[in-house]
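The chain below stands alone and is given in structure tokens; this is the form predicted on its own.
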């Protein structure tokens, strides 16, 4: 089955999840309603709901708690994007204006808070205390990841462990939780729940590393935002981290950071990072995480569900946009 085929099998579930999210975000406050619904309708890969639904197929995918978990996690993801755009001062996401660009930072922050609140409220319908603990921890970790990103902006002396911890908190843990909660709410065994958590964690790390690579090699049309945005915003990702070990590249990047945007030679700095071997280094780290994810699947029941997760993992770990 192809990736498109996998999405087709989940079409009805995804449509129901979208409808629930839209109903939840309705409000009489015009600005808040428009900001939240515009964000929802901007679309996305809906990877987290897909992973919830696929993981649930190791148990009872029709349990009412499964879709509640899927809705909750996608709302958390959406809320984090709104806040992330404020932190990054980003004006475009998926080719459309961000909430902060359409309105301002204050509206964006409260829109994110509003969506976070609805995610927690919707989760109350799931009568599994442990699941609530996991969701609360995820929101806490996402916040820590954002704070760590702010703390390390323009810091050319950070280490690989700083980067890996940051992307773990910002991205990987929510994807891991998607697999974990999908299995948990479907009544799967502890062993399967645990293995799916680690599968999700490894593909989550891979997913973010690919995102960071694409920021250098993708086009604005593919990315939905200007290429090289991370570096220009002072966010040092894996390709740049590797490139900073080369004195000439380090000097150029530092010079750009110390200049204002009008004077900085960002194109030159981005080109140097691309030529440094940083892209290839990041790709090698990505391959390690992807291999770990695929290895986890070997210990799960070998059926169509496992094969679908394998294809999702390879798609995410090798995507070009």
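Nothing here was measured: the structure is a model prediction, and the numbers come from that model. Residue numbers count along the first chain shown, from 1.
Not pictured, yet referred to below: the form predicted together with a further copy of the same chain.
For the residues 32, 264, 42, 294, the 4.5 Å heavy atom test against a further copy of the same chain in the predicted complex is passed only by 32. The contact residue chosen from 150, 217, 156, 160 relative to a further copy of the same chain in the predicted complex is 150, the criterion being a non-hydrogen atom within 4.5 angstroms.
Remark: all three candidate residues (110, 132 and 136) come within 4.5 Å of a further copy of the same chain in the predicted complex, counting heavy atoms only.
Just one listed stretch, out of 170-178, 221-229, 235-243, 80-88, contacts a further copy of the same chain in the predicted complex at the 4.5 Å heavy atom level, and that stretch is 80-88. Among residues of the shown chain, residue 146 is one whose heavy atoms approach a further copy of the same chain to within 4.5 Å in the predicted complex. None of the heavy atoms of residue 103 is located within 4.5 Å of a further copy of the same chain in the predicted complex. Interface residue remark: residue 118 is counted as part of the site for a further copy of the same chain in the predicted complex, having a heavy atom within 4.5 Å. Using a 4.5 angstroms limit between non-hydrogen atoms, residue 124 touches a further copy of the same chain in the predicted complex.
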